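To begin, one chain is listed below as structure tokens, in the form predicted on its own.
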Amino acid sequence: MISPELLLQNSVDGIFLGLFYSLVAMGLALIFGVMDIINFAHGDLLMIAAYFVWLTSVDLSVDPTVTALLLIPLFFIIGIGIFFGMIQPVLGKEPLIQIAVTVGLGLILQNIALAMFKAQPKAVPYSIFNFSYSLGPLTIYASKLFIAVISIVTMYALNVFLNKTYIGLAMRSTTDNREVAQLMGINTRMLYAVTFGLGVALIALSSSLWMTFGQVQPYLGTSFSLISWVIVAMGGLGGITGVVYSGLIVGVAESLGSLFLTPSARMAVVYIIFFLVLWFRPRGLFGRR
């Protein structure tokens, strides 16, 4: 029998995990929504960023949360470089060509990580959030609570950015109708570069948060790519709201699934829910197109 306390504990942990998943998927949703580019290297970019966090923590004794201050602008620039070097040449091409480019980038990053760091998981030796405290029957882990708070603040800031700034409104306009946006004078080429850079910067923030309690290994990107695509598809390109609700569903389902299934099978609950949602709502929970 599963006690109510354990059920409550896993539900709260699932909410924290779901908010983190929402942040991970946000960069993917932003790039796909504005550019219609399927970035299959999304998770592998997170994996590379996580190795940056680990190296910085080991060599310089810098906390993973502080590393984010360096990684966010660095990966924003890297994202812009990837756009001009690899994404821009295939814009407007056949979808299979675009998929091949991003899949190829992901494989390159994965094999670089394998060559440099081998397959052994790496974890930071210390984080200022490696403690917990009790709240009645609940155990609240500081790292997970911090991640949830940062995820909420980041998504709120992103929502303000998309709704109150010129660049954000241009992104939304391009998402709704690219041709009309161009006729209104929006420089879609530069907008795409900023969008891709911002999406990769969000990945860098996610990697710093992940390393406060998780580990990195070369195949970490595959799992995050799958989870991110499940969240984006389930949300149905419904903006930040869709990503947040889908992330919470995935996080809680995975956490509660661990009570009944083995760690290797608990994701089956997530994929069953994903299948049922798309069966009854093919456009996702908040799909607009």
Partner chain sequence: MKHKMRSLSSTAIIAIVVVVIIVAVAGIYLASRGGAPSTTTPTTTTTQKTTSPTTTATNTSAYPKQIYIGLVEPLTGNYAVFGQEAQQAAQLIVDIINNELGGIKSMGGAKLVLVTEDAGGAPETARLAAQKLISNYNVPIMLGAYVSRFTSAMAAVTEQNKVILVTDALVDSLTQQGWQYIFRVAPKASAHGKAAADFVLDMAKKTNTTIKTAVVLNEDSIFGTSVANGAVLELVSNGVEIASHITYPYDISDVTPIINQIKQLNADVLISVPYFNDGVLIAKAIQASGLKFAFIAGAGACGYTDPDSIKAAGDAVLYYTNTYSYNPARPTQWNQKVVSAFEQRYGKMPTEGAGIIFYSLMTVYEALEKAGKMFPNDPLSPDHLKAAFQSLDLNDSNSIAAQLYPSGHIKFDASGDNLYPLTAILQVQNVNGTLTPVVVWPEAQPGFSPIFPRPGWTQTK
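Positions refer to the first chain, counted from 1. It should be emphasised that the depicted structure is a prediction, and the values quoted were computed from it without experimental measurement.
The form predicted together with the partner chain is left out here; the points below concern that form.
J.: Is Y166 close enough to touch the partner chain in the predicted bound form, meaning at least one heavy atom pair within 4.5 Å?
T.: No - in the predicted bound form, heavy atoms of Y166 and the partner chain never come within 4.5 Å of each other.
J.: Any chance A119 has a heavy atom within 4.5 Å of the partner chain in the predicted bound form?
T.: Yes, A119 lies within 4.5 Å of the partner chain in the predicted bound form.
J.: How about R172: is it within 4.5 Å of the partner chain in the predicted bound form, going by heavy atoms?
T.: No, R172 sits far enough from the partner chain in the predicted bound form that none of its heavy atoms falls within 4.5 Å.
J.: Is V277 one of the residues lying within 4.5 Å of the partner chain in the predicted bound form, judged by heavy atom distances?
T.: Because no heavy atom of V277 falls inside 4.5 Å of the partner chain in the predicted bound form, the answer is no.
J.: Heavy atoms within 4.5 Å of the partner chain in the predicted bound form: which stretch in 125 to 133, 151 to 159, 199 to 207, 183 to 191 meets that?
T.: Result of the contact check: 125 to 133.
J.: Who in 98 to 120 is close to the partner chain in the predicted bound form, meaning a heavy atom within 4.5 Å?
T.: Sequence-ordered list: I99, L107, N111, L114, K118, A119, Q120.
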